[in-house]
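Only one chain is shown below, in structure tokens, and it's the form predicted on its own.
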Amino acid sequence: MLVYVCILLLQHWMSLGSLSLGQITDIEFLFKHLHLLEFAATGNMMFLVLQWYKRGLTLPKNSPLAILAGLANNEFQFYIQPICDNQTHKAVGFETLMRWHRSDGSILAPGSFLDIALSPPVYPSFKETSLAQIVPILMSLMSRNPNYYLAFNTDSTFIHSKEFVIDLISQFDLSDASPNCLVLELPDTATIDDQELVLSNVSLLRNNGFGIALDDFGMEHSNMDRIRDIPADFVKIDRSFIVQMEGNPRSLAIIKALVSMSKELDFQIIAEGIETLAQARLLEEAGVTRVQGYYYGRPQSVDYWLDQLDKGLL
């Protein structure tokens, strides 16, 4: 807070030549400058991380400080998992899934750190680290097959920010990567607080060539409203439907209805969580052409899957 007040004083002293005590205690004035408070908090957090390391102390696991330290040490790396054609079982694309390679040798999946990584003090660094890896991975895949695409999970903060969307578009403009080969997945857990803004950002992304997927359909917030309102290119069926499919005719009936709807609304269905050949065959009979799950391959390092592609094993 002290840093925040000092920044306020300096900023307005330089622009106005003076600043009264009444101004910096005015609630409306403070609300207009909350971005400076976020800047000060992030700066203080990074300072604490550096001091902690200098003194050789151990950071609490999964704390904001530990995640910021991990980001600074390049401990966060994307793994990828293949998305396959349900008839040929060949890869048509890959999904990125973040892993944390901790300094103690452990490897953590998103469930162990994602909530904190998406919190305000950590999110800017986490987003920057994530987006910086997208283009290199995509370029490596496209060098093997220009028709491959990469799916990338977004979040509520990203999809509500025009600035973040424009940053992503600019990043692709400055590279040789094709935006047509990147699909941004909107998870079912992502709340939509400002639908007009979200739809505007989705339109901006699609107009610039990016694909949009509705992820985890069948969980939390998902309903027909999202399919109706968001012009998605893909709808990913949550694994909960797949698990129940063989013993629950209703689950299979819903999947068949979605396949029929996809033809009318011009989107593709991807089924997640496929673990057996029997599940793959049931989905093929239902008309699902794209599938993803342990049956086709687990999330592995980018180098692992590039090696599999080079050997013709995928």
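The first residue of the sequence shown is number 1, and the count goes up from there. Treat the numbers as computed from the prediction; the structure is a model and nothing was measured.
Unshown form predicted together with guanosine-5'-monophosphate; subsequent notes refer to it.
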* Structure fact -> Interface check vs guanosine-5'-monophosphate in the predicted bound form: of I254, L68, I274, I269, the one with a heavy atom inside 4.5 Å is I274
* Structure fact -> Of M139, L118, L204, L97, the only residue with a heavy atom within 4.5 Å of guanosine-5'-monophosphate in the predicted bound form is L97
* Asked: Any of the heavy atoms of R239 lying within 4.5 Å of guanosine-5'-monophosphate in the predicted bound form?
  -> yes
* Should E185 be classed as touching guanosine-5'-monophosphate in the predicted bound form when contacts are defined as heavy atoms within 4.5 Å? -> yes
* Asked: For T129, is any heavy atom within 4.5 Å of guanosine-5'-monophosphate in the predicted bound form, or not?
  -> no
* Would D155 show up as a contact with guanosine-5'-monophosphate in the predicted bound form if we use heavy atoms at 4.5 Å? -> no
* Asked: For this chain shown on its own, do D215, Y294 and P299 all sit within 4.5 Å of guanosine-5'-monophosphate in the predicted bound form, going by heavy atoms?
  -> yes
* Asked: Which of 194 to 202, 130 to 138, 68 to 76, 89 to 97 has heavy atoms within 4.5 Å of guanosine-5'-monophosphate in the predicted bound form?
  -> 89 to 97
